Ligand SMILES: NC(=O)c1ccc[n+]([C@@H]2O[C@H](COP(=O)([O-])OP(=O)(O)OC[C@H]3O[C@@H](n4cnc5c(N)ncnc54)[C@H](O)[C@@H]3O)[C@@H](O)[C@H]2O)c1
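Okay, here we've got a single chain as structure tokens, the form predicted alone, with questions on binding and movement later.
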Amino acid sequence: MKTVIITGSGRKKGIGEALALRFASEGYNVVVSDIGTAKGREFAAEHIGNTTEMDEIVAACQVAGGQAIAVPCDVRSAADCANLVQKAVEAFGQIDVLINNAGVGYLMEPFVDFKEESWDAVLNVNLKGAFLCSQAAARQLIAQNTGGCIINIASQAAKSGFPFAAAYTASKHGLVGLTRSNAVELGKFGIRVNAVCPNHITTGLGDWQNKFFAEKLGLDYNTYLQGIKDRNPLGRTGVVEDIAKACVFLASDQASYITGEAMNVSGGEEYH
């Protein structure tokens, strides 16, 4: 039975929860992880996965058919990332898949007013966190000599620019660069590294973003959301299950010859 670690998977109705439940239903051992406790303005309670939610998602994974544990992890800390991998190995014997899903997408400010601390918070989670977790996972996968898979949850913002999101857009472009570099370097160990690039999904974070951008554009919420649907070839916004299905595929043997890719899951809205 394979084991997957999913960062940023401790919030209800988020991409991370959908990933955890989908992999559990596929029979994986699942390591649910999130920061666990609020830490200042940049990581306030309404934006983070707390330990209670993490435990509830673990229970849901077990109902879905997989074994699961919760491990709090601040991905900005190398020690925390190493501990996350170690706890997974202690519980399940080895690791097979890491999904770097932890991200900050709620610090949006005009570029000329963008706070340095906001920039640091976004880059430290979205890019440095993926680097630290990937490094810890790669060390374990190499030691195991089993090969494995790392999947980075990037964004449409890894391919295109967006207003008020200088840090987010830069971090997601950087995440694709990290994906490609790691794919080249880790391939000789049988470790595949890919990114998934969703467009807008109305999770809890997505709902916050809808309200933010609707206000900035002078639109009501429903008009803004309809605009997203209207410019999408498939006529709808994405759902968390779309991302989960893509990740299960990339982690599977069916994707054994795919590495270094930044795969759009956007209903055709993003195509490069």
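All of these numbers come straight from a predicted model, not from anything done at the bench. One-based numbering along the sequence shown.
From this point on, the text means the form predicted in complex with the ligand, which you will not see here.
Proximity of Asn199 to the ligand in the predicted complex: non-hydrogen atoms within 4.5 Å are present. Using a 4.5 angstroms limit between non-hydrogen atoms, Ile48 touches the ligand in the predicted complex. The ligand in the predicted complex is approached by Ile35, whose closest heavy atom lies within 4.5 angstroms of it. The ligand in the predicted complex comes within 4.5 Å of no heavy atom belonging to Asn194. Residue Cys73 is the only one of Leu141, Ala130, Val97, Cys73 with a heavy atom lying within 4.5 Å of the ligand in the predicted complex. Contact annotation: of the candidates Val104, Ala165, Ala183, Val176, the single residue with a non-hydrogen atom within 4.5 angstroms of the ligand in the predicted complex is Val104. Partner contacts here mean any heavy atom within 4.5 Å of the ligand in the predicted complex, and among 166-174, 143-151, 112-120, 88-96 they occur only in 166-174. Counting a residue when any of its non-hydrogen atoms is within 4.5 Å of the ligand in the predicted complex, the hits in 8-31 run Gly8, Gly10, Arg11, Gly14, Ile15, Gly16. In the predicted complex, the CA atoms of Gly103 and Gly40 draw together by 3 angstroms or more relative to this form. Three angstroms is the minimum change: in the predicted complex, the CA atoms of Arg41 and Phe164 sit farther apart than in this structure, by 3 Å or more.
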